[in-house]
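One chain comes next, on its own, written out as structure tokens in the form predicted on its own.
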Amino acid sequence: MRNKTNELKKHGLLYLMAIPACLFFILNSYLPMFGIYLAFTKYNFRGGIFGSPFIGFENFKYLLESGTLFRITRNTFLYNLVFILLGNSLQIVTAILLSKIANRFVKRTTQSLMFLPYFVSYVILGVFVYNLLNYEKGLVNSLLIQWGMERFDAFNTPLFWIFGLIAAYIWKWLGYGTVIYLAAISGIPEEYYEAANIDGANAFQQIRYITLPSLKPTFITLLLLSIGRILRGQFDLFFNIIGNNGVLFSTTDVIDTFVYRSVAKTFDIGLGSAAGLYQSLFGFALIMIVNGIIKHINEDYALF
């Protein structure tokens, strides 16, 4: 008791400064958790939260038996897996290439141009894609007609969007991720490369034995943070480009867009809450498993 009193006297000001942050998380992160009760109800607006009938796991059973749960989980997981692996790989390669450019002006200009898409909102990107691929008046189809070819109906071709959405994501996030890896590369002591030059190592050997191992902690940290969000399906990207086009749902419907439609379009709040709760629990389990694997391989790289 005496130790706690001394601790409070010694760091009282720090505890006082932490109160606003604690209140913020309690109000915005922990109190809303009581809303998971909706996942077990057949929600109706007349009865409200506690007046709606309790139906147990019926919402989860419907998601499972209708095939919806499998479809949205598959789409969300696979898209994000590609986003993480392909995105990080391209960001690392681009960062290494930029770090080798000797001309400072060219290096900074290239870096700035690559970073610009990060500031473009998904709304603008959606408008751009629509005007590019519109069946009647889109730029692509106008060019195809001029060249004597048939129109391409992108918004009725589900498979096309597997590659289209991945390309849009890579275009937007390549510059942002490259800057992170470039900062990590700039932190590598120059003496390592000087010693490698003296030993006769060529550029590829320096990248393989110095640059890439030095980027491993950054890559693993970003990987773990990304895996924690792997079931959060980039709602802005999918919704602003695809919208509510049901023809494309087989390859583009993710958990976030399904929850949005359940709440805002069909008003099935119980079903939407069930999908949201499933998303949170699956994501939590996934990050615990991956962190455990990384901790088993190398404890220094684990988050906790």
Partner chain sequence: MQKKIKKPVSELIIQIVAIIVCGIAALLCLLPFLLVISGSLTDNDYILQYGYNILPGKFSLEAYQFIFEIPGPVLQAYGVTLLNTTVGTSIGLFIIAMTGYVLQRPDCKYRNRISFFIYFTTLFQGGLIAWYIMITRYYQLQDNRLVLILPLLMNPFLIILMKNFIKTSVPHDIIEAAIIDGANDFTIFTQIVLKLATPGLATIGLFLALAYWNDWFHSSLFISTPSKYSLQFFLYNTLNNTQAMRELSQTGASVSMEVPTESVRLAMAVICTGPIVLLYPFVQRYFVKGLTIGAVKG
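Numbering follows the first chain given and starts at 1. Keep in mind that what you see is a predicted model, and the values were worked out from it rather than measured.
From this point on, the text means the form predicted in complex with its partner chain, which you will not see here.
Heavy atoms within 4.5 Å of its partner chain in the model of the complex belong, among the stretches 153-161, 81-89, 68-76, 104-112, to residues of 104-112. Although its partner chain is omitted here, in the model of the complex none of Gly56, Tyr62 and Ser250 has a heavy atom within 4.5 Å of it. The closest heavy atom approach of Gly35 to its partner chain in the model of the complex falls within 4.5 Å.
Taking the partner from the other structure, its partner chain in the model of the complex has no heavy atom within 4.5 Å of any heavy atom of Ser226. Using a 4.5 Å cutoff between non-hydrogen atoms, Thr94 counts as a contact of its partner chain in the model of the complex. Its partner chain is not shown here, and in the model of the complex it never comes within 4.5 Å of any heavy atom of Tyr192. Taking a 4.5 Å heavy atom cutoff to its partner chain in the model of the complex, the contacting residues in 127-164 are Val127, Phe128, Tyr130, Asn131, Leu132, Glu136, Lys137, Gly138, Leu139, Ser142, Leu143, Gln146.
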